[in-house]
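Read the single chain below, which is given as structure tokens and is the form predicted alone.
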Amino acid sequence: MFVGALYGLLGLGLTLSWGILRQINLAYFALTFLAAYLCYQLSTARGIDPLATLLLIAPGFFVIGVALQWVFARFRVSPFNSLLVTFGLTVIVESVIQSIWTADFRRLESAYGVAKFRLGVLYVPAPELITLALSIALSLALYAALRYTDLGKAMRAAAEDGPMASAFGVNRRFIALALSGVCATLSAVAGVCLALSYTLAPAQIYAWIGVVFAAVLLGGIGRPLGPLIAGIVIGVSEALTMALTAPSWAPLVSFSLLILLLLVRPDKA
């Protein structure tokens, strides 16, 4: 369940970018790992609380997201080309991470790593509980913002029919820049949660892409609550698979669920 919440948090920026901006932005995975390494560096070298590092990381990532959207708009990058361009950016960021922190495994040691909360007869590690809480809070907040605020309604209108929304006064350029910045900021939050719970290595970026893509597609593109629900379903299914069979079978769960969905609902493809 808790790893499923991380799947949902990782997929939150991707589903909004894909559903509203029509961009398949793989760079969010690279930004997530970059945020994780920055959290590791600031906490280890400067002694800053891992969660407090978001105060430094999140604004910078918002600016990066805005800059990426400006480049996409400037050069009129199509959805398919955005997949190729952002994959290239992912490779570049991976190389930068490896050149700074090397390919060795890094583990963030913090007070959160040893803290546990008691839920009935269970003791839940603090990092997993923090990840679950942040995933639920951010998903619900974005759902409410898209559904009930004027800005959210403008975003949905722009995604549904851009020219018509512009005719009614919706500033599509501002909306795209703001949303892209928010999506990059969500990657920063996911990166801090990743650093709290997992050992880091640059090559692990690609290990997360497949399962998060499955969570986004299963949950519905452009739906803030979709990746969280689908991620939890995948996470629980993986845990049951590992308990009943072997850990090596766990990665097959997400893709099996995705294939089943596409067979039953081919319009989801």
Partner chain sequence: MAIVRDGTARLAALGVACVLGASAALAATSGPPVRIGSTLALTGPLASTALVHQIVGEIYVEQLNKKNGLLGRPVEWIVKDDQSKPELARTLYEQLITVDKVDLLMGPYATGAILSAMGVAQRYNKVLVHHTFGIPSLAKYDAQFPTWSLGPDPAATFPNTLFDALAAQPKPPKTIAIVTSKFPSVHFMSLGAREVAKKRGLQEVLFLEWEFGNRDFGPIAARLKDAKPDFVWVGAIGLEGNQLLDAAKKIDYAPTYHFYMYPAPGPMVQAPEAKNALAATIFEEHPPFTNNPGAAEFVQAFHERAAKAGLPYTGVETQAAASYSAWQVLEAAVNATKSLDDKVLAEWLRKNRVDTIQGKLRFDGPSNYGDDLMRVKQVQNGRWVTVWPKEAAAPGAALAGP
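This one's a predicted model, so the numbers in the text were calculated from it and none came from an experiment. Residue numbers count along the first chain shown, from 1.
Not on display, but discussed next: the form predicted together with the partner chain.
Peer 1: Within 4.5 Å, heavy atoms only: does I221 come near the partner chain in the predicted bound form?
Peer 2: The answer is no: I221 has no heavy atom within 4.5 Å of the partner chain.
Peer 1: According to a 4.5 angstroms non-hydrogen atom cut-off, is D104 in contact with the partner chain in the predicted bound form?
Peer 2: Although the partner chain is absent here, D104 would touch it in the predicted bound form, with heavy atoms inside 4.5 Å.
Peer 1: Is A45 close enough to touch the partner chain in the predicted bound form, meaning at least one heavy atom pair within 4.5 Å?
Peer 2: No - in the predicted bound form, heavy atoms of A45 and the partner chain never come within 4.5 Å of each other.
Peer 1: Is G162 a contact residue for the partner chain in the predicted bound form, using a 4.5 Å heavy atom cut-off?
Peer 2: The answer is no: G162 has no heavy atom within 4.5 Å of the partner chain.
Peer 1: Checking a candidate spot here: are K116, P125 and A239 all in contact with the partner chain in the predicted bound form (at least one heavy atom each within 4.5 Å)?
Peer 2: Yes, the whole candidate spot contacts the partner chain.
Peer 1: Please tell me which of N171, T149, T199, S78 lies within 4.5 Å of the partner chain in the predicted bound form, judged by heavy atoms.
Peer 2: The residue from N171, T149, T199, S78 that makes the contact is T199.
Peer 1: Heavy atoms within 4.5 Å of the partner chain in the predicted bound form: which stretch among 204-212, 221-229, 66-74, 50-58?
Peer 2: The contacting stretch here is 204-212.
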